[in-house]
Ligand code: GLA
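Next up: just one chain, as structure tokens, the form predicted on its own.
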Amino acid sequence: MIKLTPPMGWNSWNTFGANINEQLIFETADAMVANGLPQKGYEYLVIDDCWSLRERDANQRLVADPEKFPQGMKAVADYVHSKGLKFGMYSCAGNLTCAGYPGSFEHEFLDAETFAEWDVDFLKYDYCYHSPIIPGKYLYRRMGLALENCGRDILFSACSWGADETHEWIKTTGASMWRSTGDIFDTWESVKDLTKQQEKLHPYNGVGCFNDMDMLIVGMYGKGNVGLKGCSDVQYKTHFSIWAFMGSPLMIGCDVRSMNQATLDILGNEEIIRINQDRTCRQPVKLVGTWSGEDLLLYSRQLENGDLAIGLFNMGDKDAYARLNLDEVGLPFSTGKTLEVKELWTGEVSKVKNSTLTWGLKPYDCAVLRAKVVDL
């Protein structure tokens, strides 16, 4: 599959872990539709680990756990499709999945055929219990080739956590997205850590093979499988803004059946999503700014219509003041141009004066600006 913009959807792992079943998936599909998520671009519903029996059948095929999924996976896929959504599943490049269920090692073509028969549209492919003597690039090429030959268009989501220098070889595997980090947890420290890991990886994101910073924790509030401490709505807003700005796939991880309005407002911000889904998927540029400090991250990104996206992210626990010379984004005073900016969370519109953008930020807060080049 060739995917031209970052995939968007929902995944079961962050909230439910092993506690998944047919009814949960049906209710989640219903809730995604009721909350208008497909209209925002969230189209994939993905079941993560722990869906199968602990052993393959006599024909070496994977078998859905009949207690969790009594009608089988084809029926689940049919229900998800009936809601206008696409259906995703999970496997692993090792003998076992991360939770100890059968992996796809040396069953790649058989499993790809099985997923195709179940009308699967998306495969998340993890990296636990893999062979210690076969480099990951070969294992992911195997499954990529198997999926390309299974007779169905299945998005390949490679989840090797950035191990074995994933960024150097992932585009050889047919993957449409690739995990560049370890797992996210529902804490601000996790968001901050994963964000700072991205700087060296910006050149490796792009159309057809998107750098996946892991699933979103927006709206979890410390509940569920990776819940831990939880975050505030301001922190969730900044987390979502960074993931969107960096061009990461946007995979919701909270329980969409019980989202509050704040969560819906964050996940549904169409202007922020538009930045994420910009068709050029150009590389973000980390800006120096003036007196920024290590907890104030400034980024820009050129968009398809000549606009700029500018992201100002305060990762610290104190007020911050962003100062940016427009020379950094290609607009020195000598051009006779400046920027008219719209802040995409508040709708505030202003014009940059004196070739210097300044913006105050509360702790953990952000500003995401869509900027047009205009005359002074």
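As the structure is a prediction and not an experimental result, all values here were calculated from the model. Note that residue numbering follows the sequence shown and begins at 1.
This next part talks about the form predicted together with the ligand, which is not shown.
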| request: Select from the listed residues D186, D121, D126, E108 the one whose heavy atoms reach within 4.5 Å of the ligand in the predicted bound form. | output: D126
| field | The single option of W161, Y299, Y79, Y221 touching the ligand in the predicted bound form, heavy atom within 4.5 Å | value | W161
| query | Looking in the predicted bound form, any heavy atom of F245 within 4.5 Å of the ligand? | reply | no
| task | Using a 4.5 Å heavy atom cut-off, state whether F87 contacts the ligand in the predicted bound form. | result | no
| said: Is it the case that I217, even though its partner is missing from this view, gets within 4.5 Å of the ligand in the predicted bound form, heavy atoms only? | reply: no
| request: Answer with yes or no whether A262 is in contact with the ligand in the predicted bound form, where contact means some heavy atom within 4.5 Å. | output: no
| message | Suppose contact means a heavy atom within 4.5 Å; in the predicted bound form, does that hold for all of W13, C98 and R179 with the ligand? | response | yes
| message | Given the stretches 153-161, 232-240, 197-205, 268-276, which is the single one in contact with the ligand in the predicted bound form, using a heavy atom cutoff of 4.5 Å? | response | 153-161
| query | Taking the ligand in the predicted bound form, which residues of 37-55 have any heavy atom within 4.5 Å of it? | reply | D48, D49
